[in-house]
Structures are given as structure tokens and as C-alpha cells.
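Shown next as C-alpha cells: one chain only, the form predicted on its own.
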Amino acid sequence: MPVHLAINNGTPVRTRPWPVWPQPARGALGALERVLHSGRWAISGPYRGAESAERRFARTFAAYNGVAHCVPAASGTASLMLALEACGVGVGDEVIAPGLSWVASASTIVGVNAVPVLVDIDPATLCLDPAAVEAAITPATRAIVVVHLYSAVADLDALRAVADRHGLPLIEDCAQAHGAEHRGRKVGSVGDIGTFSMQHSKVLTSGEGGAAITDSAALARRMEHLRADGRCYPAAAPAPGHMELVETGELMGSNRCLSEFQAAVLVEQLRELDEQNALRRRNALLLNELLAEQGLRPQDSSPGTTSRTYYVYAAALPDDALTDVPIAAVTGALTAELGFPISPAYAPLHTNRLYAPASRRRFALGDEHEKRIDPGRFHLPVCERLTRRLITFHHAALLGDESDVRDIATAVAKVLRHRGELRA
């Protein structure tokens, strides 16, 4: 039998290079040089008579998202932990989170000594199912964390209503959704707090970094203290050479601060975010059409979505195709055709080997607590079923032109056409 698939030494669909990510903004190099010679590389360094890059980014990012406050942090994980603790979440409290997400969605909850309650997802959006959230609420529930996963905006109308009905804070994890909008409002501004990651792969990046946004002055002040060892900015700038952070004694914190280099880069990267998002969105819409013609189902977004951000493109295989082939074999074949990583979806958190609280003694707070944080106690049939059929890839592949999009569709068609080679 002739070999057709590249994974079996056939000719690949594509050998040209793909767009590389990250792509530095036009002003990034100059911004880094200014920090390098500023005499201040961190907010914990002495004030030099000029606004810090961190404060400039916080002000700019808050305005971009239409909120009053932004607290930058060292990572998306740090931002989510700040949000949880600012909302009063602590030992033994239950926090509802989606069963399909990056591991940090659960590990951050465990990290504040709380209990993740993993619930199932909406099969169209892959985001938190509001009905499953409502069914999971108990007297121990202290917060709801919703993740805008891959390229979807979760059903914020329903989730905000559930949170309000039960008097619970709603935290939006927007690590994968910088610039997305729900009914004309930026994601992160609908919940009580919105958290973001600026890690290397994100659509807004400084290598590592994060931020939390809110309209609440009280929550913002708590998060400022939590991220800077219990210190916060003063009402007025100090004299040059003095520390700008004030020791208030209000709340003990930890060091989870963003560096001046990262903040300076983010100010410049933010200038180009909307243009890049528009390009990804345009290419994704074409790919949606091409893949739908082949029977695939691209990830949907909630009815309230007014603008999508494509961090990861996701689509489900046709119901009648490759049902007897492991999804890793399918994505491996597509990767060989394209020379670009095509991956399965995240493993559901209750089966994800990265989420293993029992592997760290710091979470051994007693037999009962260990039982409550055991991910094996959850049954999430929608997560399990869908992740066996999903293919995903990073947004860098959507930063090219129409020919790149058509190469992806051609590779999918080729693998479907020669599926027998994968079974063999």
C-alpha cells in the first residue's frame, strides 16, 4: 500500500516556516533600554522621581479593560491566588472551577488551602456549565472561578446570575482571553475580579507576568498588600531615593511583584494587541468555514460574546471519523503534515497527572482535607468525552495569511482521507 501520510514517511503538506511567537512590539527594545538605565528595576527599588513602568502598565491595562484598578503580579497563577485571598477564600473553603482547564485553575485553589470543586463544561463552548455550577454549590462554597478557555467567552450572563443569587464572588480567569468582550465589555470586568497571565505563550506576554483587575477599591488594596509583602503604594510619591512602597501593617502578603522590565514590555505589547487579535480572528473565521465543510466542529462561544480572542484554536473531529484511533495519533499525524504542533486538549483536571495534591506535603492538612482535595472523587463525563475528540493548536499559526489557514485545512482533509494508515 502506498504511503500517504507524512507520519509514515510520506510528503508533508507543508515545509515552510510558521510565524514565531512572541513577536516583540515596535517599542519594546527602547522601553527595555529606558528601564536598564533608570536606576529602578523593581517597584521595591527606590523611587527615582518618575512613574514606575509597573504603575504605567497598571494604569494603561485598567483603562484598556474599562475598570478602575489593576494590580500587576509575577504570574497568572499569582494573580489568581491574589484574587482568591482578596475575596476571603481560605482553609477548607470550597471554590467551584471548570474540570477542563490548565492545571493552575485547580492548583491555585489548593495553594490557598481551599478545596477545588471541579464541575463539568458546556459541550459547545468548553467553558464552565452554569447549571453544573449551581448544582455544586454547598454551604462551604466561597467563590466561583470561571475560565474563558482557548478562544471562547464563558456564559457570563448565567454565571453572574448564579453568583449573585448565592452571594458569591465571581472571579474571571482571563489568562487565555486578553481583549475578548462580552456584550461590549472586556472580559475580566464582569466578575468581581479578573485575572490574567502574561506567560510566554499568551497573546499579551512579557515572558512571565500577570495582573488582576477590579472596580473595587477595597479588593484592589487587598491585592496590592498581598503581592508586595504587605506593602502598598502611597497617596503621594516620596522624595527621590526613598522607598515608594509603604508598610501599612494592614495585611500580610508575599512577594509576587512584576519587574520593571516586564511591565515596560507589556506597555508596548498592549499597543499592538488589538491588531494581532483582529488578524487571528479573521484567520480563525476562515478556518472555521473550511473545517466545518469537513465535518469538524470548531469551538463555539457564548451568545453574549461580542469579540473573541484566539489563544488556542480548538475543534472537535467529525462524529463518524477516527473513532477507533487515539486522539494523540491524530494530532501526531497533523503535526507531521504541518511542521507545527497540533495537540490534544488539556487532560480533564480530575485525571490530569499535573494536578496531584498528594505529591506535596504542604497540602497534608489532615485526612479529611486530603479526601476533599483528591481529584479522583469527581466524575466529569462531558470533559472526558470531548477531550477524546478535540484537536488544538497555538495562536501563532493564525498570525499568517490565508495560505497558512488553507494549509491547516488541507492537512486535516489529508489525515481524514487516509485515516486507514492511522488504524494500521
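In this text, residue numbers run from 1 along the sequence as written. These numbers were taken from a predicted model, which means no experiment stands behind them.
Just so it is clear, the following notes concern the form predicted in complex with a small molecule, a form of the same protein that is not shown.
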key: Residue (of Gly191, Gly209, Pro116, Pro348) lying close to the small molecule in the predicted complex, criterion heavy atoms within 4.5 Å   = Gly209
request  = May I ask you to choose, among Ala175, Ile144, Ala86, Val153, the residue with a heavy atom within 4.5 Å of the small molecule in the predicted complex?
outcome  = Ala175
key: Interface membership of Gly99, the small molecule in the predicted complex, 4.5 Å heavy atom rule   = no
ask   = Given that the partner is absent here, does Lys202 sit within 4.5 Å of the small molecule in the predicted complex, heavy atoms only?
value = yes
request  = Consider Ala104 of the chain shown here, and say whether it contacts the small molecule in the predicted complex, taking contact as heavy atoms within 4.5 Å.
outcome  = yes
inquiry  = So, Asn277 and the small molecule: in the predicted complex, are they within 4.5 Å at any heavy atom pair?
reply    = no
task = Choose one stretch from 258 to 266, 192 to 200, 284 to 292, 332 to 340: the one whose residues place a heavy atom within 4.5 angstroms of the small molecule in the predicted complex.
result = 192 to 200
